[in-house]
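Shown next as structure tokens: one chain only, the form predicted on its own.
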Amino acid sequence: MAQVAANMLVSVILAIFAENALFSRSLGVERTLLLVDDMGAMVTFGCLTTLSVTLTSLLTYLVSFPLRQDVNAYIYKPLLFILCMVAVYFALSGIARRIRFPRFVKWQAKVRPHYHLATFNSAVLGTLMLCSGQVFSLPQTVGFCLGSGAGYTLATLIVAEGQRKLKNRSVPASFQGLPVTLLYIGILSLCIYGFTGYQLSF
């Protein structure tokens, strides 16, 4: 049991830092750039994404485990994973509608616009595809997806903070806004890439 917990913790830490979904693979960057001005929306979206990818990982593991010996599985795995994402979306929506606590109903009204965006985005599908390409156990799969969601949320907050710092007169007019934000993300991505231990080829 201790070994299982240790493997899961290592997967979480790896996904948050060394294999950060946004910085190492640019997963979900399009949504991040739309949310950088709203801190509350970023945290809500990140938490929903973490919940969605973690729950979906349970389904996709059950689906992909029998297909590991099939050499043609890569053809239809994305479709199966999307169907799993649809199932989790409807399950979460159905459960949320049945909860009638006044505070939850008020909170749900705020997060409802994020439900489908947090379930159907490249950060979720990309993380699931990465897990299916590795020989992960179920705890490692859940840990990696949990860490990917948490790492994505952390990366979004870092990008937002960086963009606030970059709103100053020292940035040339032609680089202000999206160009300097993309440069900032690129530099951070190189830093994260260095943590993985890769060496330059020259």
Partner chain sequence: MSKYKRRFRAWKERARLFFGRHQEDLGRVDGVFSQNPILMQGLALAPAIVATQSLKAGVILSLGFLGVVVPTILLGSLLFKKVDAVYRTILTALLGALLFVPVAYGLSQLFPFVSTSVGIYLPILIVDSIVVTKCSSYTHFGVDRYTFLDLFCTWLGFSLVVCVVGALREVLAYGRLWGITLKGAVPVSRSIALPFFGFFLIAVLAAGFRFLNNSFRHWINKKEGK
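Positions refer to the first chain, counted from 1. Quick caveat, the model's predicted, so the values are computed rather than measured.
The same protein also exists as the form predicted in complex with the partner chain; that form is not shown, yet it is the one meant from here on.
- Within 4.5 Å of the partner chain in the model of the complex, a heavy atom is found for all three of L178, L182 and I185.
- Of the candidate stretches 47-55, 61-69, 150-158, 170-178, only 170-178 has residues with heavy atoms within 4.5 Å of the partner chain in the model of the complex.
- Not displayed here, the partner chain is approached by L125 to within 4.5 Å at the level of heavy atoms in the model of the complex.
- The partner chain in the model of the complex comes within 4.5 Å of a heavy atom belonging to L130.
- Interface residue remark: F17 is not counted as part of the site for the partner chain in the model of the complex, having no heavy atom within 4.5 Å.
- Contact between W107 and the partner chain in the model of the complex is not found at the 4.5 Å heavy atom cutoff.
- In the model of the complex, the residues of 57-79 lying within 4.5 Å of the partner chain by at least one heavy atom are, in order, Y74, I75, Y76, P78, L79.
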